[in-house]
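Given as structure tokens, the chain that follows is alone and in the form predicted alone.
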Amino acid sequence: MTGARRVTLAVPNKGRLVGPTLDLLHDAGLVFEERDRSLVAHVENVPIDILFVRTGDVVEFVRDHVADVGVTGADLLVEAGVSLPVVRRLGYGRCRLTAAVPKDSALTCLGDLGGLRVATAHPNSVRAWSASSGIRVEVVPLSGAVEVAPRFGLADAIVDLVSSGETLAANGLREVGDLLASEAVLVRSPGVTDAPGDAIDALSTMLGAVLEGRRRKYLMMNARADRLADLEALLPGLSGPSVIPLAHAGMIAIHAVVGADDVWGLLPRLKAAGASGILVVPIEKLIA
């Protein structure tokens, strides 16, 4: 549509979300080049421009209508105290905002933190949790080295983002509970009226198709027709497997979509039930 305003998508230019976000956009079919020090990438095949900004600025860009949509962490929305419509959860960048105490502490749960000093680089998130949970804590804001705060008497506990928890353990800390769980999300600027909405909807649909495809595998196998019932019972596909007669009498081909996590345990069972020539194929995109 000639002259139509292009959708502006803000994404982080540094940090843990950058690689997965760019991979997702490319896999969704967006054709663009990202260059060092470049602030804007022009998508060639759809009316989208990508803004590369500081991770902490994505929320502000979307809130202030500088960008129509943006990719950020759910935790950053909470820390910024901003409520934006979440168009789609993206499933990567998963982490937890968790509370931890020294290993020899008598504290065992979040409720034990009441009245204590809690050091964190996420003070607004901790205050929001404290207000909603009724567990009052004294927030000690720190910009870094949060893990050492209890060791030097700055705080009784800490709250920090973790994925595996290995850093906490390495610093002599143990977890006592999660304040919130986070992942990458696609958010939309509230009240957008002049952006081509179909492009935003198409972007969300394509991203979802890629994410759904990553969670599934396409199975193809051959079997005797009299083994169909046994094999079908093992294949909880989207709407049941497709069955195709083969040239050899009494033989069929079975095609099915299954969960990627199920493949490891499923293949030996299919073989034992009479399947042969089993082929596992990745799915590029899937709209269920």
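Heads up: residue numbers just count along the shown sequence, starting at 1. What you are looking at is a predicted structure, and each value in this text was computed from that prediction instead of being measured.
Just so you know, the form predicted together with a small molecule exists too; it's not on screen, but the next bit is about it.
K.L.:
Pick from 135, 78, 209, 162: which residue has any heavy atom within 4.5 angstroms of the small molecule in the model of the complex?
P.N.:
It is 162 that has a heavy atom within 4.5 Å of the partner.
K.L.:
Within a 4.5 Å heavy atom cut-off, is residue 150 in contact with the small molecule in the model of the complex?
P.N.:
Residue-level check for residue 150: no, no contact with the small molecule.
K.L.:
In the model of the complex, does residue 14 have a heavy atom within 4.5 Å of the small molecule?
P.N.:
Flag for residue 14 set to yes.
K.L.:
Although the small molecule is absent from this view, report whether residue 182 comes within 4.5 Å of it in the model of the complex, heavy atoms only.
P.N.:
Output for residue 182 is yes: heavy atoms within 4.5 Å of the small molecule.
K.L.:
Consider residue 55 of the chain shown here, and say whether it contacts the small molecule in the model of the complex, taking contact as heavy atoms within 4.5 Å.
P.N.:
Residue 55 belongs to the contact set for the small molecule.
K.L.:
Heavy atoms within 4.5 Å of the small molecule in the model of the complex: which stretch among 93-101, 112-120, 199-207, 142-150?
P.N.:
So the stretch in question is 93-101.
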